[in-house]
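Only one chain is shown below, in structure tokens, and it's the form predicted alone.
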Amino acid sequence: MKKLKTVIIGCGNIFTMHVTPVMHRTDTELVGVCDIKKDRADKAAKKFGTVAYYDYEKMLTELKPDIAHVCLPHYLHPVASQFALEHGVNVLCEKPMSIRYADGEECVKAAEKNGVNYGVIFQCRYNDASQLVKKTLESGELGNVISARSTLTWFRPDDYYNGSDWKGTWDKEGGGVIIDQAIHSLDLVNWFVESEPAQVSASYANRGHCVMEVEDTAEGLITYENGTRYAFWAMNNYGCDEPIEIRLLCEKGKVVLTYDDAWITFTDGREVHVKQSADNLVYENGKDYWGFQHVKQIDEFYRSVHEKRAPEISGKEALKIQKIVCGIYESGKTGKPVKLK
């Protein structure tokens, strides 16, 4: 099997979730890392035995890698992704794919035009709980989803935003609790429903933070073409990070889902439960709320490159949740429902 030359653009907090799986692969050579903060790039390069760059365009043109991982602030995701895609490099980008929907579309077009793969990280789809629910829905055992709800009650103090030069801003982060935290639960429910979202009505506010521009609280209702209604509530003003909860009311049963557990109760009395299995990799300074399934999505993406096929969570697939996120912000800003079709 051909060794895939890999680079990672961005050596910040999420870097560990990408470099750890890459370094455990036998079909991969980490040929470069990049960060505009020289000390971070140098430290990462020394630790993982590779070359440090401070300009990703220079790194990509000089090294000509097979795969680039994009781990930058949100507003730079489509900028770096598009440059790499236009230079024939397969890209695996952290979520969100962009702030603006149109920028995500441009990246999808660039990947198609240049015949390379473009994937976006939504690692929570690979949790054991998520996989059980998805497979049970696909089997028809639960029937269609009639209604859904998700709740996120986490804690992000002002210091969380003070410690960043981009978080908490509309122009660089693109939003707050929706685009940064709740995007995963929104994506999971949308993935479970398997119908086209038709409309979103939402509101958002900053209720508890003094140092940021964006929302720390949001709620809304998404309606689907098949009649499914999905209500969501998310906020970063609780005293700790409680488990995110998703509930599904289906034709043949109910689902209660967190990122680590899923309970399915069928109308015929059967019950199924799954708990997240242990991960053997150790992510230095990894955050519990990121989960530990990056490795599964990264493995699948690398297989897709070897097999010359689209990845499971492609840029085209990621556009689905991007449209919903952008719709939530438009609805919250205008105070009116937004059509998603």
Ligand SMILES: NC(=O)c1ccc[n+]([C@@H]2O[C@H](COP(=O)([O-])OP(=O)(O)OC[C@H]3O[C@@H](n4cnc5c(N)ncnc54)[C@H](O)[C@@H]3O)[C@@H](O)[C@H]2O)c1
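So that there is no doubt, residue numbering starts at 1 and follows the sequence shown. Because the structure is predicted, anything quoted here is derived from the model rather than measured.
One more form of this protein exists, namely the form predicted together with the ligand; it is left out here, but the text below deals with it.
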* Residue contact check: residue 34 to the ligand in the model of the complex, 4.5 Å heavy atom -> yes
* Asked: Can residue 125 be called a contact residue for the ligand in the model of the complex at 4.5 Å between heavy atoms?
  -> no
* **Contact flag, residue 302 vs the ligand in the model of the complex, heavy atom cut 4.5 Å** => no
* Asked: Taking the shortest heavy atom distance, is residue 73 within 4.5 Å of the ligand in the model of the complex?
  -> yes
* Since exactly one of 14, 19, 325, 318 fits, which has a heavy atom within 4.5 Å of the ligand in the model of the complex? -> 14
* To do: Consider the chain as shown here, without its partner, and state which of 149, 167, 100, 254 has a heavy atom within 4.5 Å of the ligand in the model of the complex.
  => 167
* For the chain seen here without its partner, which of 194 to 202, 246 to 254, 220 to 228, 159 to 167 has a heavy atom within 4.5 Å of the ligand in the model of the complex? -> 159 to 167
* Asked: Which residues within 53 to 67 place at least one heavy atom within 4.5 Å of the ligand in the model of the complex?
  -> 56
